[in-house]
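Below sits a lone chain in structure tokens, taken as the form predicted alone.
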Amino acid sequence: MHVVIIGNGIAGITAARFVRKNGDARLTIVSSETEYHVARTALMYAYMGDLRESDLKPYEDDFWTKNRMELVLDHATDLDTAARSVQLASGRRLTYDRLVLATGSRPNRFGWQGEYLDGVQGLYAWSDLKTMQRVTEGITDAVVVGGGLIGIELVEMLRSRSIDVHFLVRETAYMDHLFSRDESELIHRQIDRHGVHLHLGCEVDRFEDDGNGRVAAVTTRDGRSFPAAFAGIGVGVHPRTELAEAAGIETNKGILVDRSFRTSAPDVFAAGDCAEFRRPLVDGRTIEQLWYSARRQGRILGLILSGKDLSYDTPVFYNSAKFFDLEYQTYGSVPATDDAGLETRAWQDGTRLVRVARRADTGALAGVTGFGIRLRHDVAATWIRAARRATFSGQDVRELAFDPEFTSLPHNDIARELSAWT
């Protein structure tokens, strides 16, 4: 059996690894991004000099030949599902028995004037890192648009080179759709402490041309203008579906799949950022655009391609990030504010914060979030999955959180605060 995978991101590579672990199928992985798989989540650290570019490769170069995976540096231009073949830009045509579309996503743009000027970009792929390294060389001023996780990464990258940054965020508090007011304030203080000019409630109107096709400034809807030899865009991503759409495969926002990652075309599968589940997952999502989710989808798909009878079930949601020096983890569902279905309680001590959510009708734990404090993944996920009651002892907190070196947590105080439901 010949399995062809389009895309060498975490979903495609994980699927390939699990196909190889469970059989002898011929494996071909096509990508026009890089010759080898790179850890996109670590792109920022290469820019900041914390990692060498070679460190971004999770596997040694001979890993692929040892595991009989053919890597093809090329671009898929056409898919013929009747002939079971993929046309590549180089002229080569690949035939397949099973095809995986792991084409990922691309940064959003909103039709702003000047949004394709030189020096205006998002941060998603290897090419974005290389372009950013080139266009920020020697500059002194930049603007970052969008208060999400990519936005804060772009800001930190630019500040690592002492570039003055104006950070434009549409919301009136950072990620207020997800974070409580106190949590957003923690992030505001981090941003301020690192010398970033944060502008909340601020929306872009246009990117100004310097007369040579390069961005020179960003003008906002309220008429302000900020100098910018570079403008980073971090306003979300959308699935890459062009190849599937052109082949007549059913798409909506993403490539439509069932819980076994099957598309509307025979023996064509899709996973990762580009895939959209026809039936919503338990938490209501149909698209999961997170590295952790893509890896899990790739693992399940690899097992399915190896003959296992499996379907994708909803894991306990997990994500983590870093806002400069402030670490963040979240598990399950923790809304920004109490709603009809979920109630929340929080404990805070300076820059350390823990917030839990319980289901209003049953009192079961629905989720937990930590800032500046590390939570144990297996404990949080087990408790949420088991619908454990959201009341805690000091020993429970010791089990859930671990004390970093040279610090300690007031476990009993945290337990008391998180259990004080009214």
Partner chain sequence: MTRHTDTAVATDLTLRWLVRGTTATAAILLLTAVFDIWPFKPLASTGTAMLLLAAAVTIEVSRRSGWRSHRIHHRWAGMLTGLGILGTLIAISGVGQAWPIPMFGLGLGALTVGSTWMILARYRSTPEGVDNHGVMTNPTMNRGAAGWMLGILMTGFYVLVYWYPSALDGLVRTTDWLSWAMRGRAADHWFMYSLVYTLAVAVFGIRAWYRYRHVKYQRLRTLSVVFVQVILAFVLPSILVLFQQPEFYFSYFWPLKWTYLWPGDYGMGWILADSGRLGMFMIGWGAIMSFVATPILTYYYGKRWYCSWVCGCGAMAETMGDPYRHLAPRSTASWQLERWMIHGSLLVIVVATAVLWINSATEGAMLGSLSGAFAQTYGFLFGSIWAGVIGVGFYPFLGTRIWCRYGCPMAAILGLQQRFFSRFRITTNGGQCISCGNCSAYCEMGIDVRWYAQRGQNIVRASCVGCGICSSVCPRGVLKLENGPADGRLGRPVLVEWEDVDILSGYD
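This one's a predicted model, so the numbers in the text were calculated from it and none came from an experiment. Numbering follows the first chain given and starts at 1.
What follows is about the form predicted in complex with the partner chain, which we do not show.
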Taking the partner chain as it sits in the predicted complex, is A360 near enough to touch it, meaning that at least one heavy atom pair lies within 4.5 angstroms?
no
R17 versus the partner chain, in the predicted complex: is there a non-hydrogen atom within 4.5 Å?
yes
Against the partner chain in the predicted complex, would T81 count as a contact residue? Criterion: heavy atoms within 4.5 Å.
no
The partner chain contact in the predicted complex: T136, any heavy atom under 4.5 Å:
no
So which stretch, 321-329, 205-213, 167-175, 91-99, is the one near the partner chain in the predicted complex (non-hydrogen atoms, 4.5 Å)?
321-329
Assert contact residue (the partner chain, in the predicted complex, non-hydrogen atom within 4.5 Å, options A265, L243, L303, V235) equals L303
Every residue of F179, D283 and W421 near the partner chain in the predicted complex, heavy atom within 4.5 Å:
no
Contact set, 15-49 vs the partner chain in the predicted complex - heavy atom within 4.5 angstroms:
R17, F18, K21, N22, A39, T41, A42, Y45, M48, G49
